[in-house]
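A single chain comes next, written as structure tokens; it is the form predicted alone.
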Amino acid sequence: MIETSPLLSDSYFSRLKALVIEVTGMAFYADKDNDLALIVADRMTECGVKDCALYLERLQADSGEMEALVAELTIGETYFFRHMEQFQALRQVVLPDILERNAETRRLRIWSAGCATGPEPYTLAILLKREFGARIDGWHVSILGTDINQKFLTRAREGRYDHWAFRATPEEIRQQCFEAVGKQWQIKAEYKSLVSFQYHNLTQNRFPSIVDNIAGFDIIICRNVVIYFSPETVADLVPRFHDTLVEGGWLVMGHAEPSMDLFRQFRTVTFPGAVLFQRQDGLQVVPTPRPAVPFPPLTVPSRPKPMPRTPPAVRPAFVPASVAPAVDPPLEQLRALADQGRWDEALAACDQLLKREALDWRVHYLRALILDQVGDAEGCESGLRRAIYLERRAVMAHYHLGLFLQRKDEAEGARRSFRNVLTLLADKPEDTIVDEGETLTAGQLRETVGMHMKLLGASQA
């Protein structure tokens, strides 16, 4: 017999439910009041709160409690090589196409949106190294995993998994790509080094955005995530995924995803057991099915013939024709170029601006973020430090320096940078805009920094 929660009779439960759905986007709970109430009741007991009104106040005042509730609401069921057909499609269709197209820039960026505890982005790292290792030697490869569950992200960063996470993984791969640590398996450093993780809420946070590190991807994988969102939310997300891909980039969704009508902006490619969506700003072509190739054991396949592609569309110049080309693009246009993943154009725009405004910390800051995306770690760090030197109160430069040092495992330097952010924000009201050209507030940035400090095991004091 299913337990019925007494919270359903609480007059404030509907308000609490509305807040949870607003923050998480999880319309999955819109018609599952009892399921939600049972989870909320457990958290209320943990907090020593007796009614929904008091718990609602707690959630609004304590971001840590909202984080704890989200951890209970989200579903972390995932495993390595889940839905093998989609990884076959990546191996046979998507990656050969991108590696050919990016051969000159030697860069590859992948976003795993809703990565849970990390098996999906790590599977991608294993696939790339084992199948295309020789072709990507010397490339800047970046695989980003994002989620709203901080507990999941902590486990993902550890990269350590129980036996059950390998139920679809060939034994050979587990033996060669992981090391036994007690009863668990730790992913080896050569694969772990390709992957980074960060907090990101698809329904609340901005994208595409160079400032949030969500821009200019070659591949976006968002599987079994949007099924929890309302149709209206999904209709808003799909065009944003499109804009977050570079021209020719690929979107991979789950099997039980929304209506195909939402993907009209994309070229659709069918593959046995998978449907792929490619951003092509030119003429659409008829999708061509490809035969499946058995996945295990993972061996380097013979190079498939290039996919037939329509000629790339001629993209309009970013600066309107009425503007003389000799005029330096303003800062907001520079930022827009970066948000579109047009890295080379954005760097050229930075250099033009610096010829005129060599001491403008904002240009050095944006240039550093762009250099980070193209794999110039030294240039990124020196650019962020230059921005801070020019403007000690450049809160976003301190923040991104903290993120940079965190990725480099320089924990003490990262803590110092994040504490600098909190110090600079100490007297700022919650709704103060701290990021020029965007909508990031002091309250939001404080909350985000707090999450990173927890991951670093540091006090915010």
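Start at 1 and count along the sequence shown; that's the residue number. These numbers were taken from a predicted model, which means no experiment stands behind them.
This protein has a second form, the form predicted in complex with a small molecule, left out of what is shown; the following refers to that one.
- Contact annotation: of the candidates 249, 114, 341, 383, the single residue with a non-hydrogen atom within 4.5 angstroms of the small molecule in the predicted bound form is 114.
- 228 is the sole member of 139, 228, 361, 271 with a non-hydrogen atom lying within 4.5 angstroms of the small molecule in the predicted bound form.
- Taken together, the three residues 78, 148 and 202 all come within 4.5 Å of the small molecule in the predicted bound form, as judged by their closest heavy atom.
- In the predicted bound form, the small molecule lies within 4.5 Å of some heavy atom of residue 120.
- Although the partner is absent from this view, residue 101 stays clear of the small molecule in the predicted bound form, with no non-hydrogen atom inside 4.5 angstroms.
- Put simply, residue 192 is far from the small molecule in the predicted bound form: not one heavy atom of it is within 4.5 Å.
- Taking non-hydrogen atoms only, residue 241 never approaches the small molecule to within 4.5 angstroms in the predicted bound form.
- Heavy atoms within 4.5 Å of the small molecule in the predicted bound form map, among the stretches 101 to 109, 366 to 374, 349 to 357, 67 to 75, onto 67 to 75 alone.
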